[in-house]
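In structure tokens, the next block holds one chain alone, the form predicted alone.
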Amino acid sequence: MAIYNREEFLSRIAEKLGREQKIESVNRPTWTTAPHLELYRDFSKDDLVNMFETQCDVIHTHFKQTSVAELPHLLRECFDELNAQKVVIAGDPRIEEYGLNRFFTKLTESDFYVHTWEADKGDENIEFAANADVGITFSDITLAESGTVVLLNDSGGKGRSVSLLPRTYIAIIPKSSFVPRMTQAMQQIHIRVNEGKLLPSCINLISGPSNSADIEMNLIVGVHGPVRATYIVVSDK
């Protein structure tokens, strides 16, 4: 990515601060405390999934688990349970990898409306998502401790509104995406940066449906976004 006018910009800030612009590298300080890297270190993927399932009860999120082969059947059960007919899905290559293209194509031959988020469709994407019954994304990193899915929105095809606007949000979670907690998720993102990969322009961390306790600490679920969330853990291919 090209950087324009950086030196002029930094020079202006230094001037406003009343000092010379610092151009030497900064020595990393020696921290007295650090994230707990050892916590849950010995947990297997199955242990992490069990922890995640327990946390789902706390965050009012429905937990399901299946295989790649059974994923279409489980999704159809979810749609029937929700009486859903309008579904928006993120434009993610994993849709094809997990064999869902054919499933969604067959849905459109019935009474379903399925919209795949594509950057070229512009506002049409948002209009559909705002009226959709269900929005579906894949999780990029999954935090077992807090029941959080992490979405790395690094392309226009994924669509940030897919997880935000529909009435129900469904996250498809590859079992391999599990890490214990936020510390390991940030480590993965840091590694991406060190490898020269672009930092996603938006990183969404979603822990179940929206919540609010602004009024007298009374918890209300489903205020600012989806009123229901379902996490589907899928064994990897």
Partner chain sequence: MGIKIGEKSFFPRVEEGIKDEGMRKAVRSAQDRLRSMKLRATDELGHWEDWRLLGEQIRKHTVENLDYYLYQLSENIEKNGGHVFFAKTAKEAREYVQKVVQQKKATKAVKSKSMVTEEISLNNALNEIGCEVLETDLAEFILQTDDHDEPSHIVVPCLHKDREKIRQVFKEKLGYEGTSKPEEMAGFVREQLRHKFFEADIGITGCNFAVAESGSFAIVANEGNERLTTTLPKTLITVMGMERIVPTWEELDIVVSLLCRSAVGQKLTSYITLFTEPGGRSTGDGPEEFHLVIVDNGRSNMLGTEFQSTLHCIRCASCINVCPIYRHIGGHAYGSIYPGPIGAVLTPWLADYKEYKDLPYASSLCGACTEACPVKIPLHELLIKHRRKIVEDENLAPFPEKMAMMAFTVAAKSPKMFQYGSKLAPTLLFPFTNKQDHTIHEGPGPIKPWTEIRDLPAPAKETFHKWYQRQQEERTNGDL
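Please read all numbers here as calculations on a predicted model, not as lab measurements. Residue numbers count along the first chain shown, from 1. Take the two forms, find the largest set of C-alpha atoms that superpose within 1.5 Å, and that set is the rigid core.
There is another form of this protein, the form predicted in complex with the partner chain, and it is not shown here; the text below is about that form.
> Ok, R76, K86, R94, R167: which has a heavy atom sitting within 4.5 Å of the partner chain in the predicted bound form?
Replying inline: Of R76, K86, R94, R167, the residue with a heavy atom within 4.5 Å of the partner chain in the predicted bound form is R167.
> Among 171-179, 42-50, 190-198, 66-74, which stretch has residues whose heavy atoms lie within 4.5 Å of the partner chain in the predicted bound form?
Replying inline: So the stretch in question is 190-198.
> With a 4.5 Å heavy atom cut-off, would you call H115 a contact of the partner chain in the predicted bound form?
Replying inline: No, H115 is distant from the partner.
> For L107, is any heavy atom within 4.5 Å of the partner chain in the predicted bound form, or not?
Replying inline: Judged by the heavy-atom cut-off of 4.5 Å, L107 is well away from the partner chain in the predicted bound form.
>> Against the partner chain in the predicted bound form, would L143 count as a contact residue? Criterion: heavy atoms within 4.5 Å.
In response: Result yes; L143 sits at the interface with the partner chain in the predicted bound form.
> Heavy atom to heavy atom, is D154 within 4.5 Å of the partner chain in the predicted bound form?
Replying inline: Because a heavy atom of D154 falls inside 4.5 Å of the partner chain in the predicted bound form, the answer is yes.
> Counting only heavy atoms, which residues in 194-230 are within 4.5 Å of the partner chain in the predicted bound form?
Replying inline: The stretch 194-230, when checked against the partner chain in the predicted bound form, contributes N194, L199, P200, S201, C202, I203, N204, L205, I206, S207, G208, P209, S210, N211, S212, A213, D214, I215, E216, M217, N218, L219, I220, G222, V223, H224, G225, P226, V227 at the 4.5 Å heavy-atom cut-off.
>> For a quick test of reading the superposition: does I23 move by 2 Å or more at the CA between the shown form and the other one, rigid core aligned?
In response: Passes the 2 Å threshold, so yes.
>> Core superposed first: is there a CA shift of 2 Å or greater at A213 between the shown form and the other one?
In response: No; A213 is a residue whose C-alpha shifts by less than 2 Å between the shown form and the other one when the cores are overlaid.
>> Rigid core aligned, does the Cα position of V223 differ by 2 Å or more between the shown form and the other one?
In response: It does not reach a 2 Å shift.
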